[in-house]
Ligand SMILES: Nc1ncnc2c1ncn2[C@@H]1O[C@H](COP(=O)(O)OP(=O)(O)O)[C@@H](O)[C@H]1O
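Just the one chain here, laid out as C-alpha cells, in the form predicted on its own.
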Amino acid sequence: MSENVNDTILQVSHLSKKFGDNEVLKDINFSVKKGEVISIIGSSGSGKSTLLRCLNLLEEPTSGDIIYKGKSILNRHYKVSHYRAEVGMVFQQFNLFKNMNVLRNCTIGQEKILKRSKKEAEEIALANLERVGVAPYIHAKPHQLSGGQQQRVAIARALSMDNEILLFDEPTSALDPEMVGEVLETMTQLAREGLTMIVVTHEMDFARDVSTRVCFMEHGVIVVDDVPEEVINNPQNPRLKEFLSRYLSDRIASE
C-alpha cells in the first residue's frame, strides 16, 4: 500500500464524543487512504457505531477534528451538504423510503442533492442496481423485497450519489443468516472495484479476507489498528485475543 500522504482522503484527529458524562469515544486517531477497506470490530458498546455516526455528522463530535480532502468538516464555514454528498452511509435497517419503489429510492437523492435530471438519475440508478444484482425489482416497494434485497438497494442508492467513501454500519446484522452472504458478496465486489469503505462489522471472515486494515475498538478507544493477517490471525493484544476467542466460541455454538 502506498504511503504517499496525498492518498489520504480522511483524517481523524483526537476525536472524542460525550453523551452527558459518558465519554463514548476517547482520543480517536486514524487516517483513511483512497481505496482502503477498513473494518471496525469490537464488542457492543465499544463505540464503533458512534464513531461512524460522527464520521458522517449524524452525531457532532465533542472535540477533535475530521479532515476530508484537506479541509476540516467541523469548521463552521465548511459546506456540510457537499461532504454528505460524497460520504454515504448504509444502515443496519436499510432506511429505504417505504412509499417509493426501488428506482425512485435510488433517484430522489440524485435529483434533489446533485441536481441531476430525472433521465440521468434513472440511468445511473439502473446501472448501480444492475451492479448489485437487484435491477429486476425496480418497480417493487421495499416491503415486497427480502432483507438482503433491501440492503442491496440501499447500497445501490448510496453508489448512485457517486460517493468517495461508503460507511457501513453493521450492514448484515438485521438480516436472516441465508441473506448475509449476498450482501457480503456485493460489498466484496465493491472492494475489488476500489471503493473506499469503512465497515463496522461482526463478520470476521469479511474483516479478514476483504479488508486492507482492521481496527479493534474497546471502551471508546482504537486498541489495535493493523493489517487483517495480524489482527485476526495473529492477535497479540490480550483484549483482542479474548474478543476473538469469544466470537469464535459463539459462532461454533450457533452452528
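Quick note: we count residues from 1 along the sequence shown, nothing fancier. Keep in mind that this is a model prediction, so the values were computed, not measured.
Omitted here: the form predicted together with this ligand. The next part is about that form.
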Item to complete: Name the stretch, out of 62-70, 48-56, 208-216, 26-34, where some heavy atom lies within 4.5 Å of this ligand in the model of the complex.
Response: 48-56
Item to complete: With this ligand left out of view, choose which of Gln236, Asn233, Asn22, Ser245 has a non-hydrogen atom within 4.5 angstroms of it in the model of the complex.
Response: Asn22
Worksheet item: Would Thr188 sit within 4.5 Å of this ligand in the model of the complex, counting heavy atoms only?
Response: no
